[in-house]
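One chain is shown next in C-alpha cells, namely the form predicted alone.
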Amino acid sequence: MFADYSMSELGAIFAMQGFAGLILFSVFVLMALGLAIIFGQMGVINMAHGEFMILGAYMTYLTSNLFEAYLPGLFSMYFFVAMIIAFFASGLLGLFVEWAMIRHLYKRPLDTLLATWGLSLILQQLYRSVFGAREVGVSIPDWMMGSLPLTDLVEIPINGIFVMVLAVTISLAVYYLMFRSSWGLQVRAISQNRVMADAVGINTAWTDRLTFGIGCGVAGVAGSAFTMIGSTGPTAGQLYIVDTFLVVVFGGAGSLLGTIASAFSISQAQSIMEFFLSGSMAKVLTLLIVVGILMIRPQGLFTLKLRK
C-alpha cells in the first residue's frame, strides 16, 4: 500500500490526515459543548439538540442572503453577525422550551428523552414547511475560501482553520462561564446538591432555564459553523446527535475537559482509521472501541457528577 509513495509523500498524506482529524475534532467540540452543559450539568437527555444546531445553520443561511441582497459591501463580515443571531435564536427557543416543557420533567429523565425526541420531529417538520425539504447552502466569503500552503505537498483549508479557532474561542468562553462566573458557580452548586442550593437562596428555576438556553445557544453557534463544511437540511441535525452524545458520555458528563479530550480521541482515531478503511467502517470501529472502554469505565474519561 505504501510502496508507491516516497517518504515525503507519505509524510504529507499523514499530515493532511492529521489536520482533517483536527477539523473533525473542532466540529465535535462545537457540537458537544452545548450538550455537555445541558446533559452533563442538568441531566436532561436533549434529543432535539441537533435541531437547535440546525436552527443556527438556518439563521446563518438567512443572514447570508440578507447581506448578499441588501448589504453586499459588508458581505465579507456577515458570518460574525450570523453567529450572534444564531446564538440568540437558538438560545431564546431553548428558554421557551425549558419553560414550556423541560421544567416539568426534571425528576423524570427518561421522559425528557421522549419529550425532546417528539420536539425534534416537530422542529424538523417546521423547518421543512418554512425552508423546504431540499438542503440549502450559504455563500462563503472570499477570505474563507482557498488554502494556505505549508509545504509543496501540504495545504491547509482556510475555513478549517477558522473552525478550529472558533472551537477554541467557544471552549474558552464556556470555561469562563462555568468556572469563573457567578452563574457557573450556581450551576455547579445545583448539580451537586439542588436542595442545599435552593436553601441558600439560589434561584434554581431561573438558573435551570438560563443553563438550558445557553446550551442551546452554543448549539446554534455550532450550526452556524457547520454551514461552512456541509449543507443544511431539515433532518441534518439527526446525523450528528449520536456522535454528540458519544463525545459527551465518553468524556464524562459534566466535565468540560473530558468533552474536549473525548472529542480529540474520537476524531483522531476515526481520521486515522479512515486512511486505511472506508469512512463507514472507521466510524463503526471507533464506536466499538468507545463502547468497549465505557464497559470498563462507565463514568467516562473523567469523573461523572450527577444532580441530586
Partner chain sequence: MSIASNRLFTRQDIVGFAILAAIIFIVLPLALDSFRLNLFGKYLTYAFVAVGLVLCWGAGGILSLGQGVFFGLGGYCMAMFLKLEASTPENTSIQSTPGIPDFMDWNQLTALPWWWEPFSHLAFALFAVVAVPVIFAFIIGMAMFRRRVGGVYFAIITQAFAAILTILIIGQQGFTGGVNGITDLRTLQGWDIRTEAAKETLYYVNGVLLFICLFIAQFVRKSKLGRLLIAMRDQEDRVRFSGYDVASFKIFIFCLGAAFAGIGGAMFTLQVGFMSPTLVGIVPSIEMVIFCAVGGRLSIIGAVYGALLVNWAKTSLSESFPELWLFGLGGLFIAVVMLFPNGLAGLYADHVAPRINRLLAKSATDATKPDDATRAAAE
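This structure is a prediction, so every number in the text was calculated from the model and none was measured. Residue numbers count along the first chain shown, from 1.
Just so you know, the form predicted in complex with the partner chain exists too; it's not on screen, but the next bit is about it.
- In the predicted bound form, the partner chain lies within 4.5 Å of some heavy atom of residue 125.
- Among heavy atoms of residue 180, none comes within 4.5 Å of the partner chain in the predicted bound form.
- In the predicted bound form, none of the heavy atoms of residue 194 sits within 4.5 Å of a heavy atom of the partner chain.
- The closest heavy atom approach of residue 156 to the partner chain in the predicted bound form falls outside 4.5 Å.
- Checking 115, 170, 214, 93 against the partner chain in the predicted bound form, a heavy atom within 4.5 Å turns up for just one residue: 115.
- Contact with the partner chain in the predicted bound form, judged by any heavy atom within 4.5 Å, is made by just one of 145, 100, 165, 74: 100.
- Segments offered: 23-31, 259-267, 49-57, 242-250. Contacting the partner chain in the predicted bound form at heavy atom distances within 4.5 Å is 242-250.
- Looking at the partner chain in the predicted bound form, residues 104, 288 and 291 each place a heavy atom within 4.5 Å of it.
- Heavy atoms closer than or equal to 4.5 Å to the partner chain in the predicted bound form belong, across 32-64, to the residues 39, 45, 47, ordered by sequence position.
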